[in-house]
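Structure 1 and structure 2, given next as structure tokens, are two forms of the same protein chain, each shown alone.
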Structure 1
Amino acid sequence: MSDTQLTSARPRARRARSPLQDRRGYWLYFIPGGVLLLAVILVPFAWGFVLSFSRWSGVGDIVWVGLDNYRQLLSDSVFLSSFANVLAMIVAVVVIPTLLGLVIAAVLFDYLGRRFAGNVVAVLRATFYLPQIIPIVIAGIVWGWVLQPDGSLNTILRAVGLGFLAQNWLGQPHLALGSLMTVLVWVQIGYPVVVFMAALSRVDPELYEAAQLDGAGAIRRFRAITIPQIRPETFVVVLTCTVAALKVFGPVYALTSGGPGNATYVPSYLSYQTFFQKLQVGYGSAMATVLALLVLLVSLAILWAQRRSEAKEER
């Protein structure tokens, strides 16, 4: 306590001498950023929260209905299934890409990278990363064409004599979610690979060499060196991917529109429909608010876990 008082007292004495020490003047630099933050993010967010207690079509009078919208959400089967699908999105966007990405990055870096030229590894890495830079809707349109009943996937299956496997990949409720998840894995996989490979190049190579001399095999090195060394990056990947998973919109819009039935609804797409097609602004706001709170809670939890793991490491 007294420590902080001491340090904050010192600059005050020097303030007159140098612009660096006068902290108040720096608030001027927040004007553009602060105005934008307020006008585009904080105020609209608060306004949306307020609207979630209303019934409104976007024009005319706003009717205040208290918690009605939230009560309705609890018995809305489409909304509930859209939240259940969030779990599927997390599997497809966070769990599978992070685990696979870890293995792929380690193999590229520690196994293939030792035997083959750097270009080979770089080209493979770029290939895995390619889907990440394609606009998500274009990816969605292309996959929609690949997966349609007479699309390329089924044609290829028939051509190689596996015609019995051909399916209406996006048109059947029990397959559509899996197809969507596969597309999302395809989109996402390159991100962890690139981040983890960069993280590995930061790790001292002598660690690996020493382990190798001690007779540790590739799998042993993976568990004892790779995973602990790149923990900071793992947290960032998990955080960004989880937020992305909660916000999935484009692929659903382009591939399935939430169907067939309610099989592939996600909260983001459902709230979009509620806002702009059903014109139920209050109800849509309640959905969006629940989604936003979920995003904030999950992010804070991951940030907290990250902090704790860092603190543990320093000890």
Structure 2
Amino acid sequence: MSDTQLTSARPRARRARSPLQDRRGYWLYFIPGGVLLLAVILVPFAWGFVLSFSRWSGVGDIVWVGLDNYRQLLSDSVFLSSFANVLAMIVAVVVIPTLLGLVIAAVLFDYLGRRFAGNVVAVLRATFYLPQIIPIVIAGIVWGWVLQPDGSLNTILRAVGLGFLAQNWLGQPHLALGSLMTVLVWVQIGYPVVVFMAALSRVDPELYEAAQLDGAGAIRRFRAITIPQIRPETFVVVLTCTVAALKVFGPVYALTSGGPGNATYVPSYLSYQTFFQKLQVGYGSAMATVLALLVLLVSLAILWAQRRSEAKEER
């Protein structure tokens, strides 16, 4: 090779870039999301965690009290009862919608989908999902009208001769939590239905056809094919719904405000009330910090269970 050819080859060699260098430009697209994550989530959480070691009303000087707020939480009966109500929220937002959503999705996909046109199933699926689209506060206000003593539910009961069943559904401690759970089931049911129907659409139809030829009924096909095939989506639904259950706020705010008494308090609403209404910023921050740590631990536990399940399948 001549000197002229070597000289012309060197600039080309310097201009050649590795695939790793070419990918560096992609990181620029993460900057807007990273800034929002830092400004909206990480910095407020860090500041709230710092304030949880203080006593402050939002104005004036901050008084640092160490772990006093966390010690007070251990003896706060309202806070402890709010965590007991979290179990009811998990039942209403996770357990019942996931089980019902799985059954409804299987019926829509495996039964109605084979007997009616696709538009019928699409309309039914959209109907179940409609409560997810309605803003939760608006849905809470509407349900408040339905469940009040002179609301439509009691009116219908009286009209059909069942007036003895009419109750103050949101005004009695032994009924308020159950009424709130019913509303949450109604709101949440559409999400697992849509996710599970999308999951069923990726299952090989030949599995169902082969099982049907072997004489397997709908229930057996559901147990032997549907449940194992959509296990990844089931973990997704359980994870997202559990996080939603732990931080339920809107329905409590719109329907009961934690009452009557302390019957429907949940940690997120109690933290909001302590922080903004009682102006106990440090104590409210301690509640929010405990709730955030609980959400993190539960999420990690579900992810660990998912990975363990996937590892067993690969063996």
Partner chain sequence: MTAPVPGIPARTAEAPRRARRRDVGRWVMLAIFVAVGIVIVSPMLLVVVNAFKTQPDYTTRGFLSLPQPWTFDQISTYWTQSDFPLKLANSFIISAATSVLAVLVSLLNAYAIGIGRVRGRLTLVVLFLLANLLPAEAMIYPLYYVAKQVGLYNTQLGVIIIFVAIHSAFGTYLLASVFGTFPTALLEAAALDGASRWRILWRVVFPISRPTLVVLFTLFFVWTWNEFYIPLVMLVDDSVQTVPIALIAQQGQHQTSIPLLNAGALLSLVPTLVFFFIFQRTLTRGVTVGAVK
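Because the structure is a prediction, the values reported are computed rather than measured. So that the term is clear: the rigid core is the largest set of C-alpha atoms that superpose within 1.5 Å between two forms. Numbers follow structure 1, counted from its first residue as 1.
S.K.: Mind telling me which structure is the form predicted alone?
M.R.: Pick structure 2 here.
S.K.: Answer yes if the CA of F276 moves 2 Å or more between the two structures after aligning the rigid core, and no otherwise.
M.R.: Moves: no, less than 2 Å.
S.K.: Do you see a C-alpha shift of 2 Å or more at G261 between the two structures, with the core held fixed?
M.R.: It does not, since the G261 C-alpha is displaced less than 2 Å between the two structures after the core fit.
S.K.: After superposing on the rigid core, what is the C-alpha displacement of L36 between the two structures, in Å?
M.R.: L36 is displaced by 3.0 Å at its C-alpha.
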